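The chain below stands alone and is given as structure tokens, in the form predicted alone.
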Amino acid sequence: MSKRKDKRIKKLKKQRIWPSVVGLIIIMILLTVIMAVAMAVGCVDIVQRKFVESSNESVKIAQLYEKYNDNNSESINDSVKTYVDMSGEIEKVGVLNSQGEKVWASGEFRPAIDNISEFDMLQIDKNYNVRVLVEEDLDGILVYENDKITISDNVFEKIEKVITVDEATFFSDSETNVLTRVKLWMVVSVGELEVFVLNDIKILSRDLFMLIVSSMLFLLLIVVFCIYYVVSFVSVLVNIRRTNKIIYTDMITGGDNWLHFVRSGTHLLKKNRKGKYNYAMLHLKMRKYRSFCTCFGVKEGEELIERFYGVLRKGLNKKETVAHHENAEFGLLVTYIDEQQLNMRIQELENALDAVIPAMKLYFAVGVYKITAGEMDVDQLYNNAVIACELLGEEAENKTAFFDVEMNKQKLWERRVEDDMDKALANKEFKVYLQPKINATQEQLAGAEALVRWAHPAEGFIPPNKFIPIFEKNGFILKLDDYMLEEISRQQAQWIAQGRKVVPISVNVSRAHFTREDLAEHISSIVDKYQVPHNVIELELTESAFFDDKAVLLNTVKKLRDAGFIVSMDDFGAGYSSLNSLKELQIDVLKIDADFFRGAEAQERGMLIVSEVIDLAKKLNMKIVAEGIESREQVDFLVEQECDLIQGYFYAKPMPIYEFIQRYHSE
């Protein structure tokens, strides 16, 4: 998988649920803190208001003693007692003179010095200073300071004097509608008197009604928010599952795709690090799938692939996996006991696939790579299986090939050739060799065939069978053929300019050229660039070209012959030769394949066929060239049969141009 593709897939799969969970927790904590702070602020505000109200009440009672004297004392005390009886928050009132003596009290009032702290308060009224008394062992006290009520832990910093007042306390009450109460003595100085007012400050449920309602609304908001977040989580989970399904689903089979195969295969191989099971990677493909689609349609072809996938999936166990790769190709990671059992298993899979369409014989090819424990690169392992399968060729029926090191070396060689071929063409590393064609009766030079050799700067001299098949597969043969034609045209032009005797030199024209309808014009343009007569250029084509686009081939050959080129058919008899090709294809020269002259057991029959072919060619006004001739007996036979030209090691091997000149053009 490419790095960019891998990066994009990882980014697509990067949706995670944990950021949302962490986000929810953080938001919940923040909302809870905000709610707690809001409630605390609200409670403090309520307490502050209650405290201020109590302070004002204490001041009002104290104001009654502003003009206190013996004459009106009884009246004032009665008014205060009445005020206390009517008030819901004032329990007692006590008055002390400047000597600390009791002047009057609404109830039991025993001043003493014992464990009481007094704290000065700022003036609530400009003429009055209110102090609060509370027991020292409390953790904190309510303090009215700078027009605010706070809870102070620094109890002893504001102590002025110590007196005892039994009722100073802080506690909770369970009375109806009373949530919390605070009983505090508030001391107000009036002239020479100190008025002690015991306030029963009550926090009622109705006081907290709005705060509770607000808190409930806020809590409801949190619940709604949580529900929204949970719905979002579910949505994210659904999207993650949907995304994974899309990422790992093959669009043709509806099953696992190649990405899933790599992922699951890697997982299985990692679990098998110690080699508990023998694993093999299979590349299985249906031959001639394109032909099937041409006959029955692409949709039917895809349905066939889907059925194949179902059959293969059914034939695997939990420790194995399969996926569609491309076209009618599948990758399988399977376990096996030994090679014999693996071959039997492959045969069973092929039989099951063949049974998908009982009325039609289907052919499959399988490449196998036996995995060594510790190997986990699924793509590379599959590539090895593909290499093994490719070496089976396209014409084989049901066959299985096992990967070996030599196959890998072959592929590395192909890669090296393809990397260097364009540079080699530009640097003229491809050298022209000529093999003479000798007149059979006079034994004189009558022609030559141009052959290519590669003088590689690092690999040295490379024979054509090492690179020509590669060029034919990747299409580079088209460039090489043009290069050879141009080199021969240039050489012929040079010899003509030098006044040397020239003979026709044949140049191969690969069957790949015959896909273009302007091939004749293309060849003429190359030769005409050097002003060489067309009759000194012979164009060799193989009989296999006849089985491609016959109409284009016949038309091109006619154009070439009309332009004055010599056209020959190379390797006649090398494959399944068709006499029909001789009937329809108008050519000038017929080259008989060297295989007719090899093999002692078939020599007699081969000579008989050669004799008949020569006779047939004479009647069709064709010249005959016999190639691959290596003995005097073969030469004598061909002379007797009136063969025109002989080419082979008996007379000369292919040679560089300079050697050809020395041998045949020397003065």
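Only a predicted model underlies this, so the values are computations on that prediction, with no experimental measurement involved. Numbers for residues come from their place in the sequence shown, where the first is 1.
This next part talks about the form predicted together with a small molecule, which is not shown.
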Go through Ser215, Asn508, Thr266, Asn383 and name the one with a heavy atom inside 4.5 Å of the small molecule in the predicted complex.
Asn508
Exactly one residue in Ile526, Val190, Leu451, Ile240 has a non-hydrogen atom within 4.5 Å of the small molecule in the predicted complex; which is it?
Leu451
Is the small molecule in the predicted complex near all of Ile477, Asp571 and Gly628, within 4.5 Å of a heavy atom of each?
yes
With the small molecule left out here, work out from 478-486, 191-199, 251-259, 332-340 which stretch has heavy atoms within 4.5 Å of it in the predicted complex.
478-486
Taking the small molecule as it sits in the predicted complex, is Glu540 near enough to touch it, meaning that at least one heavy atom pair lies within 4.5 angstroms?
yes
Determine whether any heavy atom of Pro464 comes within 4.5 Å of a heavy atom of the small molecule in the predicted complex, and answer yes or no.
yes
Determine whether any heavy atom of Gln435 comes within 4.5 Å of a heavy atom of the small molecule in the predicted complex, and answer yes or no.
yes
Just checking whether Ile468 would be counted as a contact of the small molecule in the predicted complex - the rule being heavy atoms within 4.5 angstroms.
yes
